[in-house]
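Taking the form predicted alone, here's one chain by itself in structure tokens.
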Amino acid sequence: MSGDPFTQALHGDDAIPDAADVGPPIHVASTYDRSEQGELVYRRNQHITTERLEAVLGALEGGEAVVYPSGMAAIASLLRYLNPARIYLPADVYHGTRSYVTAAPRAWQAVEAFDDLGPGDVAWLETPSNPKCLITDVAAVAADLGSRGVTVVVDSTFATPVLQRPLSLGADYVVHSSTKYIGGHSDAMGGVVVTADSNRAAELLEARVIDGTIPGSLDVWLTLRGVRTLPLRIARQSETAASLAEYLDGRGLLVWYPGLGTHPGHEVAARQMSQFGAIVSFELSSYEEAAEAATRFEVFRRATSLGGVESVVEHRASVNPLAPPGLLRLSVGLESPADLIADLDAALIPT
């Protein structure tokens, strides 16, 4: 089977024995009859629908996947497993990650420079980052830090496995909130950690059994159904996002989108991504102006989260005080690009 993501999204789990259904059934049992032949014992240990999703996500990323009930559960589980003394966090990073790392009591020290890291430490990269879509050269960082014994983790939620494959660039782990693009329909929560090291994956699975951080049957099944169309969705969403970024740039706004030549990470993104993603952030002059503009959209839904088939706008400083006060983050969906631009035009009339 080729490495094409369209094929992997549909057939990455073909080797898992299940029913004859073309669309895999949802399994909801919490325990199994041990008088039957087979290895199933208890759902916290093994679950066929979960194994299907892990097979697909592992195939897409080029490694072995372990799924969790949320993106934060995946982040927390990986960091507990690695348990470094120091963790590098970029300035622009998902606020939930920063909150988890810096929450008391923690034995970890958050640092701001790669030079502060040594053997056994973790460099936590997020590319594109949240919310400015800043870009990190994964291959360059992995080559440098890997030689010094630093573990490199990439949160690739904004890119998805379709647009970027950090493991192939030298990262040790890749993390996604599958609540976002992988599920893609704003109806399932989940997270995933993928590594190319089968021993590390086995240890993460063992830790998940002990921690009990297992996702629910319905969330896993919905995510499995959603990932089948991920290559189609992210391609159209990225194309539309590029159109919206050009429109906003033409209005003279400060636009954070790696597909624009003016973005500081454009050249690196062009090397390590196949498209530039479907998140567009831009800044208005003040907190008040951005908060007011967010109320004037009609097609864009005013909500948190991202990656669904519907377009969403959020004033990030309303939920993350570290975000620029006038920044609006757009998660671009599957609607007509013309309708989305018209909605932006109407919402930004006073700009």
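Throughout, we count residues from 1 along the sequence that is shown. As the structure is a computational prediction, the values presented were derived from the model and not from experiment.
Just so you know, the form predicted together with pyridoxal-5'-phosphate (PLP) exists too; it's not on screen, but the next bit is about it.
**Student:** Which of Met72, Leu82, Val101, Ala196 has a heavy atom within 4.5 Å of pyridoxal-5'-phosphate (PLP) in the model of the complex?
**Tutor:** The option sitting close enough to the partner is Met72.
**Student:** In the model of the complex, which of the listed residues (Thr240, Thr136, Thr179, Gln164) lies with a heavy atom within 4.5 Å of pyridoxal-5'-phosphate (PLP)?
**Tutor:** It is Thr179 that has a heavy atom within 4.5 Å of the partner.
**Student:** Based on heavy atom distances of at most 4.5 Å to pyridoxal-5'-phosphate (PLP) in the model of the complex, which listed stretch, 48 to 56, 318 to 326, 63 to 71, 288 to 296, is the contact stretch?
**Tutor:** Contact-bearing stretch, as computed: 63 to 71.
**Student:** Using a 4.5 angstroms cut-off on non-hydrogen atoms, would Trp221 count as touching pyridoxal-5'-phosphate (PLP) in the model of the complex?
**Tutor:** Looking in the model of the complex, residue contacts with pyridoxal-5'-phosphate (PLP) do not include Trp221, since no heavy atom lies within 4.5 Å.
**Student:** Please check if Gln275 has a heavy atom lying within 4.5 Å of any heavy atom of pyridoxal-5'-phosphate (PLP) in the model of the complex.
**Tutor:** Residue-level check for Gln275: no, no contact with pyridoxal-5'-phosphate (PLP).
**Student:** Taking pyridoxal-5'-phosphate (PLP) as it sits in the model of the complex, is Asn130 near enough to touch it, meaning that at least one heavy atom pair lies within 4.5 angstroms?
**Tutor:** Yes, contact at 4.5 Å.
**Student:** Considering non-hydrogen atoms and a 4.5 Å limit, does pyridoxal-5'-phosphate (PLP) approach Asp155 in the model of the complex?
**Tutor:** Asp155: contacts pyridoxal-5'-phosphate (PLP) in the model of the complex.
**Student:** For the stretch 183 to 214, return the residues whose heavy atoms include at least one within 4.5 Å of pyridoxal-5'-phosphate (PLP) in the model of the complex, in the order they occur.
**Tutor:** Heavy-atom contacts to pyridoxal-5'-phosphate (PLP) in the model of the complex: Met189, Gly190.
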